[in-house]
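Shown below, as structure tokens, is a lone chain in the form predicted alone; questions about how it binds or moves come after it.
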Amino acid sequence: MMIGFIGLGIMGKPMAKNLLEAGYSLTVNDLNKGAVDELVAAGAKSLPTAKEVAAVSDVIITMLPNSPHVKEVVLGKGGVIEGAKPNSIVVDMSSISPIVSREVSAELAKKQVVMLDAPVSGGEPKAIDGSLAIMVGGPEEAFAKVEKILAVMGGSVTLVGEIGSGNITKLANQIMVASNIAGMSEALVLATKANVDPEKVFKAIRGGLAGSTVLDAKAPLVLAGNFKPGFRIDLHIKDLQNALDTAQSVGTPSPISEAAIEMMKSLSSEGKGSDDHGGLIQWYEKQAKVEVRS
């Protein structure tokens, strides 16, 4: 099965590498020539447009920053839709609006091309080791054809419903991750301000009910002052905005998301939007006039 992979950023590049290492034939495309060259050196082929990648692929995977990028790459001039063969499958692994997923899917269907939305969670470390959580929306028949491919990149691969359901699930994930990071930040800043060692607090609570994957992944980085991005604050702002838009469209309250996005926007306005989302703690530190560092 020939696979096309479009989008070789922080997440896409290691995901594509894992497919190559699993023995799949891969044709790649990205605006970043350095990333393309790295994949070609690892055994991939490259083509200059999304249209050309689609034309030689049975499955076309996209991993792009946001809804406008997906619409442009898939539906725009020189895009996937112009080259994709009937009965090919587009797997969009970007985190975008579920409304846009459904719009793009409807346009592809006119060309007899099936789409799955399959956003991921886990950040760069899990993209590298192939243990991402992958949440998929779309037809079960198409999912069955690509499940083994997705399993190369993910530790869990779950079909959650019709097209758009993958991104609804990802938005739910991002709300919970933001809530966890905010809670961790608030707690560690409180401990520090109250003259209790935050590292000891982390070690004491991680095995109890407050323990979580987020806490284990982010607390050590926060304590070391390491905000190198695994998942950037600006990208989490994008996800939370999509969550708020979706919540408004279906009529559900979102006070936690609203609070988290305002804190993140404040940091972004200070030039910290490229920090890891664990850097949210810097908002709390600024308010409390204290730094949490071991």
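The structure presented is a predicted model; accordingly, all values stated were derived computationally and were not measured. Each residue number is its position in the shown sequence, starting from 1.
If you look for the form predicted together with a small molecule, you will not find it shown, but the lines that follow are about it.
Engineer: Three residues, Ile3, Gly137 and Val157; all within 4.5 Å of the small molecule in the predicted bound form via heavy atoms?
Structural biologist: No.
Engineer: Can you pick the stretch from 248-256, 53-61, 31-39, 261-269 whose heavy atoms fall within 4.5 Å of the small molecule in the predicted bound form?
Structural biologist: Within 4.5 Å of the partner lies stretch 31-39.
Engineer: Spell out, yes or no, whether the shortest heavy atom distance between Phe227 and the small molecule in the predicted bound form is within 4.5 Å.
Structural biologist: Flag for Phe227 set to no.
Engineer: Contact with the small molecule in the predicted bound form for Leu235, defined as at least one heavy atom pair within 4.5 Å: yes or no?
Structural biologist: Within the cut-off, so yes.
Engineer: Examine Leu8 and determine whether its closest non-hydrogen atom to the small molecule in the predicted bound form is within 4.5 angstroms.
Structural biologist: Yes, Leu8 lies within 4.5 Å of the small molecule in the predicted bound form.
Engineer: Does Lys170 make contact with the small molecule in the predicted bound form, using a 4.5 Å heavy atom cut-off?
Structural biologist: Lys170: yes, in contact with the small molecule in the predicted bound form.
Engineer: Though the small molecule is not shown, can you say which of Leu150, Val73, Leu116, Leu108 has a heavy atom within 4.5 Å of it in the predicted bound form?
Structural biologist: Checked against the cut-off, the match is Val73.
Engineer: The small molecule isn't shown here, but in the predicted bound form which of Gly79, Gly130, Gly164, Gly123 has a heavy atom within 4.5 Å of it?
Structural biologist: By the 4.5 Å heavy-atom cutoff, the listed residue in contact is Gly123.
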